[in-house]
Every structure is written in C-alpha cells, then in structure tokens.
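Here's a solo chain for you in structure tokens, the form predicted on its own.
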Amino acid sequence: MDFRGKTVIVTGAGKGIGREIVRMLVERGAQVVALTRSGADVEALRGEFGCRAIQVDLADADATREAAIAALPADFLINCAGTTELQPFLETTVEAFDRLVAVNTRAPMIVAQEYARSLIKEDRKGAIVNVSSVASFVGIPDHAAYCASKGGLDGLTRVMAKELAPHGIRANGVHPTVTLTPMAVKAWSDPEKAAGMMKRIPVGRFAEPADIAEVVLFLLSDQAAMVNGISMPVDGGYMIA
C-alpha cells in the first residue's frame, strides 16, 4: 500500500498502536500529522519520523477541535487515541466514566467532524478508521466505562459511514483484541486474568501493534474502496471461541 503524496491525521500517535501506524505510514510515503497528549512524545515523533506533531489533551473538547482544525488539510484520518480505567461496575465513578467517554468517544467525533467538513468543502474523497476494541462486543470485568465508550464509538462509526459515504468519505472500525501496548500491560498485568483471556484466542497469542496497523492501512487504501461501515475484529479468533 503506497501512501506517497497523502497526508494522514493520527490521534493517539505517541505510543502503542498509534505509534506503529505512524511508523508504517511514514515508511510507505505518507506525511503524518500526529496528535498526542505528551510533550515528550511530540518531540520523539518529530525527531524519529519527521512528522508534524500537535500536543493536545483529547479530554478537552475545545482543545480537541482546535487541534483537529490545525491538523488540516488531510487525506485520511485515523482515530487511534484511547484510555482506560480499571474499575468494577459497582465501583465505576462518574469521573472515570466521563473521562473515558470524552477521550474514546467524543474526541473521535470532534476530529472526524472537522476532517469531513474540510473534505466536503473541497469536494475531495477520504477515509476514516476508528480504532475500537473487542470490548465493544463483549462484557469484560473491570472495564465497564471502557466497554461503554467503545460501544459508543462503534455507533458513531456506523452513522459516519451512512452519512459521509455519499460525500465520498468511507468510515470503518477496527477492533483489536489485547494488543501489547503500554495500556494493555496496565490492564492485563495480572497473570491469571491474562491467561484466561489468552485461552479464548485460537491463534494462541495477544496481538502486536503491527498486526493492527496493517489492517488500519488496508482500510484507508483504495484496495478497500467498497468497504464501508464495518466493525472488523483483529483478534486471532477471539470472537468465535
């Protein structure tokens, strides 16, 4: 997949899946505009990949919209930023719930709105990939707010796909299983809990960031020109186990 001459916005670009997506895109010729919360990650992204990098806290709606506008114009958008907070359902706080929905659901909406408005105004086609999770399909203990936020993102993806496709903008969701990122280490550090999850994955391993990034880039590409509105698990068979 060749992205020469294309500009791609990537949120959550500083670590994990987002960082791997940036690496692959740059390797394949794209210009990347990276959104990340950490100042250190901004400098690292600029130094290592030569991309534009914008520091933004996606929990702040106004700052998110400002960053999205600053990132334009762009050919493609990947909403990859995500956060989690491990709390049992009965102990899930309003503060944690609101924070996860703000970052995992509301921020993708805001960035996609500005991206799509720009393309429609310029009469250009594009594609959006929202990185969701298998947690939007199943109930995972201690992930009430996370599951809800990713389920909300899936609903947004379907509406985007239906409303934006007539303008030449496709939207799809990618749903990773546990992927070996810093956030996953935080969520699955308990060996007993991790072993139970691993047993449900027929291929016998957790995902690597590159496993997810390859699928994301495919969905952006012209090879996926007739793919719109899907929720694609990248889970080693977790959903069939």
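It should be emphasised that the depicted structure is a prediction, and the values quoted were computed from it without experimental measurement. For every residue, the number given is its place in the sequence shown, counted from 1.
Quick note: we don't show the form predicted in complex with a small molecule, though the next part is all about it.
K.L.:
Just one of 89-97, 116-124, 69-77, 129-137 has heavy atoms within 4.5 Å of the small molecule in the predicted bound form; which?
P.N.:
Heavy atoms within 4.5 Å of the small molecule in the predicted bound form occur in 129-137.
K.L.:
May I ask whether G173, A213 and L219 each come within 4.5 Å of the small molecule in the predicted bound form, counting any non-hydrogen atom?
P.N.:
Zero of three within 4.5 Å in the predicted bound form.
K.L.:
According to a 4.5 angstroms non-hydrogen atom cut-off, is E208 in contact with the small molecule in the predicted bound form?
P.N.:
Output for E208 is no: heavy atoms all beyond 4.5 Å of the small molecule.
K.L.:
Does at least one non-hydrogen atom of P182 fall within 4.5 angstroms of the small molecule in the predicted bound form?
P.N.:
Yes, P182 lies within 4.5 Å of the small molecule in the predicted bound form.
K.L.:
Do S38 and the small molecule come within 4.5 Å of each other in the predicted bound form, heavy atoms counted?
P.N.:
Flag for S38 set to yes.
K.L.:
How about T83 - does it come within 4.5 Å of the small molecule in the predicted bound form, if we only consider non-hydrogen atoms?
P.N.:
Residue-level check for T83: yes, a contact with the small molecule.
K.L.:
Pick from I201, V26, V33, A59: which has a non-hydrogen atom within 4.5 Å of the small molecule in the predicted bound form?
P.N.:
Only one listed residue qualifies here, and that residue is A59.
K.L.:
Note which of V103, A112, L164, L156 lies within 4.5 Å of the small molecule in the predicted bound form, where distance is taken over heavy atoms; exactly one does.
P.N.:
Of the candidates V103, A112, L164, L156, V103 is the one lying within 4.5 Å of the small molecule in the predicted bound form.
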